[in-house]
Each structure stands twice: as structure tokens, then as C-alpha cells.
Ligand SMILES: C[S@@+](CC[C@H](N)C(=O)[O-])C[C@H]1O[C@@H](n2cnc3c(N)ncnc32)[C@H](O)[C@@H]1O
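Let's start with one chain on its own, the form predicted alone, as C-alpha cells.
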Amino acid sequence: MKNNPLPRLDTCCDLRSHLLPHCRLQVGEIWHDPEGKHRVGCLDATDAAVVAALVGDSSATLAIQDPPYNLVAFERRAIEDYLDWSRRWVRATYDILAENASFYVWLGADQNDGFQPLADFMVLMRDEPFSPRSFITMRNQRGYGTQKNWMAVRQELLYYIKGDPHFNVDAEYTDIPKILRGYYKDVNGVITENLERGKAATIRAGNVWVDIQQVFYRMEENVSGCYAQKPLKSVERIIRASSNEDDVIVDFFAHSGSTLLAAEILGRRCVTADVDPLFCEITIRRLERYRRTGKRGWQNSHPFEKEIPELPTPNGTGAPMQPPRDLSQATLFG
């Protein structure tokens, strides 16, 4: 198979102009899953009215949000503006969640700029109606090398709750075997080593995740063009722990569509969205590809290869453009 990846789509303006005509959603439109399980909206996550219209009567028990981090790799805003923007989508999310629900937020910390926005966001959340539950770190296999500091290999995940949601304690054990010895406890008068206690041969997931592979181009689930793709295994872990089969999950920063695909695989329903039509289209196509082929991404390829088998070059050469996809499944808000 030839290696034909997309460059980063949120910054490649020339390529975006070639791909946008192939997107079936524009801002304000919703794609309805023909199988009736999921919805994808092209919307601004801070607009509470359109968020509510997208979710409708669904009662979501889990939200998994992966907003832009306000780091150098993304659009930078003054921290005050970023927090005001964050406050609006947090409140829009709260309003559509069930009385008892879980709320997860992926967020980064710039160690060269006061650890913003992570530290600031955590302070912001003290004034919101969510209650803090855990602070999770996922370790990347690769990181940002430096000769003057520790290598940056971590991704942070904040876990909050609304009300008193159920947590599936046994839903997610890792593949890591119990190997550490030497901790003993008196059990019914017998001194018992830690390896002898418990039924599982592997350890339960804690708030430091070291067993999840960071997505890279050789993996089947890779979606080229998506800079901040989250591993399916990380999303599946959240879904297993904080939802039950047929529950509704929301994600208003769809990007590569990992939450939607994980929900499909695990028998949940997903209402997801992105403000960018390109990432909405990628999210829909990823679900369609999985249903058609069982594949979870586009290793060595990309979601638009059928329409554009050769990527346009900067001087405009490349494959001829095809007409836009059928928009018959798109509907307008209101």
C-alpha cells in the first residue's frame, strides 16, 4: 500500500479549499446516522442553544471533551479569553447532561508558560457545578526531547461528576500483570502477599495510564490530518468505566471521531460535533468505514482518497476535483 497521508488539516489552508467541497455538513447542520444510533453536528460548542438542539431529548450520562489546549501547536488566545471560552462550553455541556453523569476533559499544560491552560482550567472548574473526582495522566511513548529538561511525555485527563453517577469498578482492568511483590496484609488471621489477593491476574487501571499506545502512522486506527488524535483504547477505557450499554455519550470536539467510533464498538449511542466541517466529515467517514470494512482508521492512506487519490501540490496540480457529496442526510438546526 502506498503511503499517502494528509498533512495537518487545521493549518493547511490550500488543501482545505480542495477538501471542503466534499464535506456533507456546513455550520448549523446535523448528520443523522441511518442506523439511528448517532448524530454528528457542525456547531460551536459554546453555543448552548445549538448544543441543546443537537442533543434533543437524549439524556447523556457521559461527556468526553478534548478541546484545543491553547498551546503553541494550536491557536493561542490570551488566557482570559481562553477561560471565558472554556466556561461557556463547560456550562453548555452541563446543561445537557443527565442528573447523574460523568464529565472528562483532556487538557494540556505548557511548562514554558506557567503550565497554562491546565492549572487555570482547574481553578475555573472550582466555580462550576461539577464535582472533581480524579486527575489522570496518560503516558506517551514518544515525547518532546530536550537537553535541559525532563522529556515531556504526558497527557492530562480531568474527571468530574454531576450528581452521583455509577462507576463500573471492574469494567476496565489493564493488560499489565501483577508483578510487584512484598506487600503483606492480615486476611482472616493469615499473612497474605499482595499477589495472592484479588481475583484478577492483571492490575486494575489507576490514574496513571502507561499501557496505551500513542497513535502513529503505522497503526490501523491512524487518521492522518488529525493532529491531536486520541487512542481508541483510552476512550474505550473511559466509556467502559463511566457508562453502560445503550447510554448516550456526548463529545463536542470530535476531531478524528475517536469517541463516536468507540461508542459504536462498545454498543453506546453518541452525539458528537465539531466546528470544522472537515473533522465532521472525517468523523462520519470513519464510522462508515468501520461498518463497511471493520477497519478503525486509514493506515498509510486518508479519508478523502476516493475523491482525491493524489493530493494537490502547492502549485495547484493534482487529481481533478469531484462534485460534493450528497447532502440529503443533512438537516438545519431549528
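Predicted model, so just to flag it, every value in this text is computed and none were measured. The first residue of the shown sequence is 1; numbering continues from there.
Keep in mind that the form predicted together with the ligand is missing from the display, and what follows is about it.
(message) Exactly one residue in Ala60, Leu287, Ile308, Leu43 has a non-hydrogen atom within 4.5 Å of the ligand in the model of the complex; which is it?
(response) Comparing distances to the ligand in the model of the complex, the residue within 4.5 Å is Leu43.
(request) May I ask you to choose, among Trp209, Tyr160, Tyr82, Phe253, the residue with a heavy atom within 4.5 Å of the ligand in the model of the complex? (result) If I apply the 4.5 Å criterion carefully, the residue I get is Phe253.
(request) Verify the contact flag for Ala48: yes if a non-hydrogen atom of it lies within 4.5 Å of a non-hydrogen atom of the ligand in the model of the complex, no if not. (result) Ala48 lies outside the contact set for the ligand.
(message) My question is simply whether Ser258 lines the interface with the ligand in the model of the complex - judged by any non-hydrogen atom within 4.5 Å.
(response) Taking the distances in the model of the complex, the answer for Ser258 is yes, it comes within 4.5 Å of the ligand.
(request) Would you please decide whether Ala92 lies within 4.5 angstroms of the ligand in the model of the complex, comparing each non-hydrogen atom pair? (result) No, Ala92 stays farther than 4.5 Å from the ligand in the model of the complex.
(message) Can you work out whether Glu29 and the ligand are in contact in the model of the complex, taking contact to mean some heavy atom pair no more than 4.5 Å apart?
(response) Contact with the ligand, no.
(request) Determine which one of 52-60, 32-40, 297-305, 268-276 lies within 4.5 Å of the ligand in the model of the complex, judging by heavy atom distances; exactly one does. (result) In the other structure, the partner sits against 268-276.
(request) Just give me the residues of 51-67, first to last, that have a heavy atom within 4.5 Å of the ligand in the model of the complex. (result) Heavy-atom contacts to the ligand in the model of the complex: Asp66, Pro67.
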